[in-house]
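Only one chain is shown below, in structure tokens, and it's the form predicted alone.
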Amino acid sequence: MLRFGFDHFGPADVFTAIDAPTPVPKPGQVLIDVLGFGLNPYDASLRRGEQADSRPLKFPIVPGTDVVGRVAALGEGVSDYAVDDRVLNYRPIGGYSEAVTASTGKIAKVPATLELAAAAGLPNIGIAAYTVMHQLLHLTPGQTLAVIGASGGVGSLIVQLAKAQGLFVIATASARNVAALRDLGADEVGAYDETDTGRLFADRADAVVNAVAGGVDHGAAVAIVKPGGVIVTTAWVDVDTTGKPTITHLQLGANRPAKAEDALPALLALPQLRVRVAKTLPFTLAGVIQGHELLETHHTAGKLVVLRH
């Protein structure tokens, strides 16, 4: 089978095509015929060697945490899945492959209503969004949540989860994404490139999620959260709470992520779940390289996914 990996760190073109034997599922696992996989900024960081000290791995390294595919074979003892079931798989690494094995605790059945590209982009951002809403924040129906960077992958899912929980949602993004956020159900939307959203929504939210890539929000989260409220940042970033010393700041990466078996079914159960896809790329070496080049640009909001045709 074909895999895409690299045997040294560097730019996108370090990727090569690797011929490898098809894995065999162990007891409690399934073999997945991969139909697509999502690309994440972490994959690019891994490729550049920025994780080499904190996560030493043997070469060749095959990235990939987000996989969608069809069950091709069952390991011993698996009875809740069948061959040809379409499934999502959230995995630690190795998703850039034509086939992978996964334990049943790391997969979930994909409803027919969810397009393949959207499914390929869901696991990583979905588990992040679920972790924020179910492990870091404990809001009750009627409370107000503000989402900064709401048009991105994690932010847009948080908007949907928040509405499903009965929260009042304030969302901020660029003007070009305002209509899309209203369509997701946000109750109020502010365009940061047209107005000072911190001033517009000052002291309105019980909690704020800063889901901006890189975390730079120019103080909007602190301005929008109520005194005594909570700010969650999805990126590693310092938050100056001098003006509101009773604020609690929580960082997503400092907390253990939700279990895939809890997060993925909950997300897939959302009515009309929407995962924004920026671009689909071919299941080829050239497609993977192009995708990684795009990961290092300010590409259109949404996930980059590789699909097998």
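These numbers were taken from a predicted model, which means no experiment stands behind them. Numbers follow the displayed sequence, beginning with 1.
Although not depicted, the form predicted in complex with a small molecule is the subject of the following passage.
- Task: Note which of Gly152, Gly198, Gly75, Gly229 lies within 4.5 Å of the small molecule in the predicted complex, where distance is taken over heavy atoms; exactly one does.
- Result: Going through each option in turn, the one that passes is Gly152.
- Taking the small molecule in the predicted complex as the reference, which of Ala119, Ile125, Ala108, Val169 has a non-hydrogen atom within 4.5 Å? Among Ala119, Ile125, Ala108, Val169, a heavy atom within 4.5 Å of the small molecule in the predicted complex occurs only for Ile125.
- Query: Any idea which of 108-116, 199-207, 67-75, 232-240 reaches within 4.5 Å of the small molecule in the predicted complex, heavy atoms considered?
  - Reply: That would be 232-240.
- Message: Under a 4.5 Å heavy atom criterion, is Gly253 part of the interface with the small molecule in the predicted complex?
- Response: Contact check for Gly253: yes, within 4.5 Å of the small molecule in the predicted complex.
- Does His134 make contact with the small molecule in the predicted complex, using a 4.5 Å heavy atom cut-off? His134 lies outside the contact set for the small molecule.
- Exercise: Gln143 in contact with the small molecule in the predicted complex, heavy atom 4.5 Å: No, Gln143 sits far enough from the small molecule in the predicted complex that none of its heavy atoms falls within 4.5 Å.
- Item | 4.5 Å heavy atom contact, Ala162 to the small molecule in the predicted complex | Because no heavy atom of Ala162 falls inside 4.5 Å of the small molecule in the predicted complex, the answer is no.
- Query: Is the small molecule in the predicted complex near all of Phe4, Thr22 and Leu31, within 4.5 Å of a heavy atom of each?
  - Reply: No, none of Phe4, Thr22 and Leu31 comes within 4.5 Å of the small molecule in the predicted complex.
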